[in-house]
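The chain below stands alone, shown as structure tokens; this is the form predicted on its own.
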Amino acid sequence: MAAGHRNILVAGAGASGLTVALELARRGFRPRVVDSDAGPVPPEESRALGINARTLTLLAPSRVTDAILQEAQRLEQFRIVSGGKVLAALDTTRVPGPYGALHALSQGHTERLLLGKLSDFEVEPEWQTTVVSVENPIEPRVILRKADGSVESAAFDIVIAADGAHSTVRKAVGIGFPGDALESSFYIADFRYAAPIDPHFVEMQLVNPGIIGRLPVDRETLRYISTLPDFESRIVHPAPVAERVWASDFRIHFRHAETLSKGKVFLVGDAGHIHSPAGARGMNLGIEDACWLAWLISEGREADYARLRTPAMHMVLKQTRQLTSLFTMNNPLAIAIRNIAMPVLFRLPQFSRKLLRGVSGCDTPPPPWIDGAV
């Protein structure tokens, strides 16, 4: 069977699922994409905001990067402040390549840009279509329930699970998802302002204990994320508030699949790993998974996927756990030591370079199919 004629199912039409479908489509495949939701996530309810340099490099061949750069805000500085004093600052534009370390765009907007490019290949997700079960990962047969309630049984050469942390596909083929969760909750709120704001920096305010993070959503909107339930009363708004757009709370989990593949079933994104949003690696790592898997399938090397992606997964989970611990400590002595050490560390060139490589996503192996990728 010719490679482009392989029968491929992508379960999940989030950022990872849309990316793997797009990368397959531009290589001559025609994947089938299903998702249980009615459509993409609403832009105002998007948790993922950061798009790093590695993701922009990966999405450049499909021209999605061009579309992202027209809408996204380039983040030029990362600041850590305490008591009104800047403890440390990182220039996020000092990264090799054309993009800078990080841009901000809501996941909902990113998904719509991916959908637009995917439609150029006449591939459209089948919304409100649910994976009920997967039989025999060696020769996958999938039971689907469609929007009208009808049930379909179909065989596939490859099944790609991009159906999130509660992945039906992962559970159906018996892949464990061990890990733990932080005891404390995190809280977020988005505010749209009635006057211009500066959307070009990220700021983490250390409240000792606890944090209040400030992240741009767009040219008019900021997101605040905190470990404190009453954080909204502590916000110093940069302009008059026009609207409180959205608010939510969540617990942070650190989990990863026991294996990223089983037979002809492959896991990408949150179906394979979930972790703290610290460092903005979640959606980006899923997009990276998707691009690697699509390339390996096109090369007939999909059996190498788990071996090649597992080290990156473990590294990012370790990094995000360390960053989260740094910002959520509540021991007074540990907080004092952190606040003294942080300015010193940020002045060390080696430390800043390593941090920038992590924020930009360039600390994982570069994609071999893109010339000049770092």
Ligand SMILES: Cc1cc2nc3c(=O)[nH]c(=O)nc-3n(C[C@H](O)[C@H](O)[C@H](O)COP(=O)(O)OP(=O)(O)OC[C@H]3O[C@@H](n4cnc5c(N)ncnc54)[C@H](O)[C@@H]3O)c2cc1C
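Model, not experiment: these values are computed from the prediction. Numbers for residues come from their place in the sequence shown, where the first is 1.
From this point on, the text means the form predicted in complex with this ligand, which you will not see here.
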| query | Contact between R223 and this ligand in the model of the complex at 4.5 Å, heavy atoms? | reply | yes
| field | Contact flag, N339 vs this ligand in the model of the complex, heavy atom cut 4.5 Å | value | no
| request: Give a yes or no for V268: in the model of the complex, does one of its heavy atoms lie within 4.5 Å of a heavy atom belonging to this ligand? | output: yes
| Does this ligand come within 4.5 Å of any heavy atom of L59 in the model of the complex? | no
| message | Quick check for you: of 161 to 169, 72 to 80, 89 to 97, 254 to 262, which stretch puts a non-hydrogen atom within 4.5 Å of this ligand in the model of the complex? | response | 161 to 169
| query | Do heavy atoms from each of A53, L323 and T328 fall within 4.5 Å of this ligand in the model of the complex? | reply | no
| Among S298, T227, Q205, T129, which has at least one heavy atom within 4.5 Å of this ligand in the model of the complex? | T129
| task | Consider the chain as shown here, without its partner, and state which of G108, P199, P277, P140 has a heavy atom within 4.5 Å of this ligand in the model of the complex. | result | P277
| Heavy atom contacts to this ligand in the model of the complex at 4.5 Å, residues of 24 to 53 in sequence order | V34, D35, S36, D37, R47, A48, L49
